[in-house]
Each structure stands twice: as C-alpha cells, then as structure tokens.
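First, one chain by itself: the form predicted on its own, in structure tokens.
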C-alpha cells in the first residue's frame, strides 16, 4: 500500500525547474503551482509581459495532486445552497461558470493535444437515506430550471442501489498532474519562467510595485496573483473568519470492472467515487480540520462507510471551504489578486479562475467578478456555520497547545523539551528516531502526528511536514527539523 496519491505515482517527473538564484523584475508574479496557478500561467502564454510562476516545492505537489480529479458542475446540492443564500440568479450564474469551465478545459486539452487521460463522464448525485429524497429532488428541479437535462435513477452504473438520485451528461474525469505539467511546459518562454523550490517569505508593497522576498533573492513585480490552498499572507483580511479547512481521505483499490462515471452522495458520511483505469477511487471520512486529528480513525471510518478494506493507495487532502459556498477570486488590494476557497471543487473552479484573473489584470469585463469577489460581505444571519467556524478556529489552536500527547498515539511519538523548546520524537518500524520541533512556524500551533501518511500536520491551518521536518505543504514557509 502506498501513502501517496495515484496521480503522484503515475506521472513523469522528469520535467524539473530550477529554483530562483538571482533578483528578477517581472510584470506579473504568480505564487502557487497548482491547477489555478498553472492554468493562469497558460492564459498568459502569448502575452508579451514578463511572467514568473514560483512554487515552494514541485509544480503540482499540493492539493491539486491529491484530489479525486473530477471536472464537473454537479457538486452535491450546491445550487440549492446558493439559491437559499443568494437567490436563483446567483445560483444560476455559478452554474453557468462551472459549465464554462468544462468547455475551457476540454477546448484547451484538444487544442494543445494534452495527454491527461481526459474522459467524458456522467456525473451522479445520489442518496442512500430516504429522508434525503426531497433534497435530491430540490437540486434536480433547480438544475432542470436552468435548462440542464437530468435523468432520475435508482442505481449507479456499477449496480449499486440508491434510494434516489439523478445524473447529468457532459462532465469529465482526468489526470490532474499530467494536465498541470503539460500546460506549464507549453507556456514557458524567454519571458515566461517557472521556478520550483522557491519560497516567498515576505511581501512588501512599495506603492507602484511589490518586493517579494525569497530565501536569497528579491522578485520585483507590478502585480501578484496569489493562488495557494491557504493564503498565508492575508491576516489583515480575516481569512480564518471567512473559511475553514476540511480534511478528507481518499483510497484507490484495484477492481475487475471499470466504469466511465463519477458520483457523490448528498449526505454525511461522504462517499464520492470515480474510476481510473483498473482502480476505483473513493473519497470519504471528511471533517473540519480542527476535529480531524486522528488520521487512523478517519481511515477506519472510511473503511466502515465504504466497505473497502483492501486498497493500493491511501492519502489525505485539504480543501479550503468558504462559509457562503462561493470561491474567493479577485482583487483584495491594488494589484494583488487572490484565488482560493473552492469548496472541494478545485479543478473546475481553478480553471475558471484563470480566465477571470486574466480579465481582471487586463481590465476587461468579466461576468463573474462580483459573484466571486473576495471582499464581498457575508450575510451571517444566513450562514448557519458561522458560529461553528469561529469555535473551530479557536478550538484547534487551544487544543494543539494543551493536548499535545493524544491518547491515540500509544506512546509513539513521544514529547519532551530540549533547551526550553517543545520536541517530538517518532520511532519508525526500523527503530530509527525522527526528531522535530513540535510547533508550526506559521502561527505557533502544536503539531499532530499523522499515523497513516507519517507526516506532522498542523491542525490549525494545514501546514504539513515530513518525518524529518521538511515542510511539504504551507502555509508555513519553514521546516521544523531538529538541529
């Protein structure tokens, strides 16, 4: 069994890019090498301006390489939720954007001859609980009112019986890492450069431009596009009150029969599925990151929810969830654009975001600008999760401080202090000790040991570190290696 995603295990990693080794001056700096950053980089492919894309690790190494890799507009009961909060017009506008994202993706892949295992796939929404039939019908009726063809079902194509459900046509599945790596390769030129293993540590606004500091150099830029799974520069913008992180586990198991469909249920516990070659990929056991410390227990729950106990791959992913179910895409300051908060639907929203970002930088009208504006007001009376979100943010920080030695550790790792600093020691199966500082460099939260993937995870904002403390996912920019 492998503790990496199937996408990371089935992609050619020969294309590598150097880290930044000199000071540079560019017109646009894209920070983040996931599907949004790389799609935005592609949008400027034929642009004469100087563009740089920087990624703190490898291109596509973050959340984009850990998703279920669907490109679909059928996203649980998103349209019912948006209709309840904003009204039908805005719910329809979101639907229109998701449909547009599918066309952008398929046209790009065809035009550039991208080999990323793109497959046309029907998307199914279903329930196994008879009490949720009305929710299914409500979502189906709303989509039908948008002009979308929906077909009711009582079982999925693989024979799984459901209480109620329906499907829509013309959606896709693909290999996200193959897509990302190829569109980047096709977009590089003398004026469009990519730098891997390049961390942006500090940003200064000089009025007409920004100075972005790496560990050894400075990037001067007129505009910044910030596309990270958690935007660590944005403390003044109250990000923790507008969104939260959700953690989920995914497994891939080999199957005898493969099907060209994808499906997700409407209730908890989550059970999302799709097929890739001879594997069934299942997502389950999702929870607010603040209450998801016990990774082993989450995988056990996944096994119980899905009846899958034999699998070839298991891994986790984090998604930034917004309280009003809409992404945050647009200007948050003069010449500073943010794109994040995709609510588990990062492939369609990331691709759509790239076209919105291009229009915003070029001062062109975009119909989705107001819908996704990060500075939009949040109607707290309609957001039932608002008090829970405040509590979860406080809970995760306090619990990380007062309850370092979780009961489920069974004595490994161990926690101590050396020279006044908190230390964690994990002994692996071969008896080797791995020692790290047990505090996240981002905002000082205590770390949790992920027994499934053998990583140190921050329960507050999702930073992740390998066994020996190397930072493999932000918002932290620093390692926790004991020296």
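Numbering follows the first chain given and starts at 1. Bear in mind the structure is a predicted one, so any value in this text is a computation, not a measurement.
Quick note: we don't show the form predicted together with a small molecule, though the next part is all about it.
Novice: Looking in the predicted bound form, any heavy atom of residue 342 within 4.5 Å of the small molecule?
Specialist: Heavy-atom contact with the small molecule at 4.5 Å: present for residue 342.
Novice: Even though the small molecule is not shown here, does residue 227 get within 4.5 Å of it in the predicted bound form, heavy atoms only?
Specialist: Taking the distances in the predicted bound form, the answer for residue 227 is yes, it comes within 4.5 Å of the small molecule.
Novice: With a cut-off of 4.5 Å between heavy atoms, is residue 167 one of the residues that contacts the small molecule in the predicted bound form?
Specialist: No, residue 167 is distant from the partner.
Novice: Using the partner position in the predicted bound form, report whether residue 95 sits within 4.5 Å of the small molecule, counting heavy atoms only.
Specialist: Output for residue 95 is no: heavy atoms all beyond 4.5 Å of the small molecule.
Novice: To test your reading of this chain, name the stretch in 428-436, 43-51, 454-462, 59-67 whose heavy atoms come within 4.5 Å of the small molecule in the predicted bound form.
Specialist: Looking at the other structure, the answer is 59-67.
Novice: Quick one: from 90, 135, 199, 369, grab the residue that has a heavy atom within 4.5 Å of the small molecule in the predicted bound form.
Specialist: Among 90, 135, 199, 369, a heavy atom within 4.5 Å of the small molecule in the predicted bound form occurs only for 199.
Novice: Here the chain is shown alone; which of 323, 101, 250, 328 has a heavy atom within 4.5 Å of the small molecule in the predicted bound form?
Specialist: Exactly one residue meets the criterion: 250.
Novice: Taking the small molecule in the predicted bound form, would 121, 158 and 303 all count as contacting it (heavy atom within 4.5 Å)?
Specialist: Verified in the predicted bound form; spot residues all out of contact, no.
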